[in-house]
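Below sits a lone chain in structure tokens, taken as the form predicted on its own.
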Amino acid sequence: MRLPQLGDLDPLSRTALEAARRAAAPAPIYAVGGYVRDLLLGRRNVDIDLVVEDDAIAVAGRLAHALKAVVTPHPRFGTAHLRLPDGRRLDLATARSERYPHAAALPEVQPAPLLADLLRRDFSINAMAARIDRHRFGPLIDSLGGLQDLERGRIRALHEQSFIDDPTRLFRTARFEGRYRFIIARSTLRLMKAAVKGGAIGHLAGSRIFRELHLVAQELSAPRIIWRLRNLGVLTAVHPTLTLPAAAFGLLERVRQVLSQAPSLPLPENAAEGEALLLGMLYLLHPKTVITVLKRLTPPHRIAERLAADHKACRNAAQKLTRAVDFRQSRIARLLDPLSPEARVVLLAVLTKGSARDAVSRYVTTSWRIVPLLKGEDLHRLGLKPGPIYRRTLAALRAARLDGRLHTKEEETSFVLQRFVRGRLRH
């Protein structure tokens, strides 16, 4: 494994790094962490992590001006986030050491040399750096054996207190293990189990746990990662009722399979993958348990309400469909239209075969697009006065079209005249 030359990077990354070097001069500036790790692995990472042995916030201000970026400073930690015009993110930090006043606390920081900054990090594979010089990138700075661990595919924590100081690293370890198909070093696995057994997760705010689970849910290997967290006891440490049955893993795999078909399976409104996986994780739990777990996780109110409502609606739809004998598309529409795109994804994963699965699949791939050819102005011309009757008429038209009983505008017009206009005139 070796770092690429600066000239071998994509043009946007090269421009950002060269601008960062100029903004930091004469102080040295380094690419660090996940950006260096993924460069060594030959993986694309659009977000760039930088460390400067200087005032990072002042450097970030100059860099934001040069790159026409939006900067968000965090003076407490000596860091700044830049949002570049193309949407990618650049994180800039003052080289620092950290001290955790108690378990799961936010760290207290103070400026320190680069090597101390690397030593404070979570894993050896995230504790490498490369200096950005004029027309040059590197050489690699690796004082903690990160490159060797990367080549061996091993995740190794740097400190005995690592998971107690920051229990979110428990989620991150499982995430990296699943994403890269790495193994967790035995010493690190021992530290993880001790932290879980010692109650470290209980010190974490629910919002921090939810953020970690949301990051997990966005991984391609999310089912495997969630199962690893379950087997390590992390999920029940989050809340004792978060006990996933064995069937949950298969369901999560099927949710991921449905999502992976999205390019060829035009799921309506582009379902959010992370929320679909979270809904799949909660699906087999009792609704009251889901409410309890969400109270512990304290996600944003809007997301908590939607997850609880989706969970209930999706389970109800699945129960009705498994008992149904009428699979007309109009009936499927009545069941699925109230569901979010994420709930529809989970419903497809729950219904593994049979007429119900076929009917739902047909609806979410093609039928949901079917709408009446007649519009409001057409109904007005046919003699209907604007009001609630329009909604009922258009709903009836759509149901008839979904079931293949109407095909042309003329047929729809005749349908409206017979069903709505003439009937109202007789009254």
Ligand code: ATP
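Quick note: we count residues from 1 along the sequence shown, nothing fancier. Keep in mind it's a predicted model, so treat the numbers as computed, not measured.
Same protein, other form: the form predicted together with ligand ATP, not shown, and the subject of what follows.
Contact check for Arg120: a heavy atom falls within 4.5 Å of ligand ATP in the predicted bound form. Taking non-hydrogen atoms only, Ser361 never approaches ligand ATP to within 4.5 angstroms in the predicted bound form. Although the partner is absent here, Arg169 is a contact residue: one of its heavy atoms lies within 4.5 angstroms of ligand ATP in the predicted bound form. Contact annotation for Thr365: none of its heavy atoms lies within 4.5 Å of ligand ATP in the predicted bound form. The stretch in contact with ligand ATP in the predicted bound form, judged by heavy atoms within 4.5 Å, is 121 to 129, chosen from 73 to 81, 148 to 156, 188 to 196, 121 to 129. A heavy atom within 4.5 Å of ligand ATP in the predicted bound form is found for one listed residue only; from Arg357, Lys312, Arg179, His214, this is Arg179.
Contact with ligand ATP in the predicted bound form, judged by any heavy atom within 4.5 Å, is made by just one of Arg230, Arg256, Arg175, Arg344: Arg175. In the predicted bound form, the residues of 24 to 38 lying within 4.5 Å of ligand ATP by at least one heavy atom are, in order, Gly33, Gly34, Arg37, Asp38.
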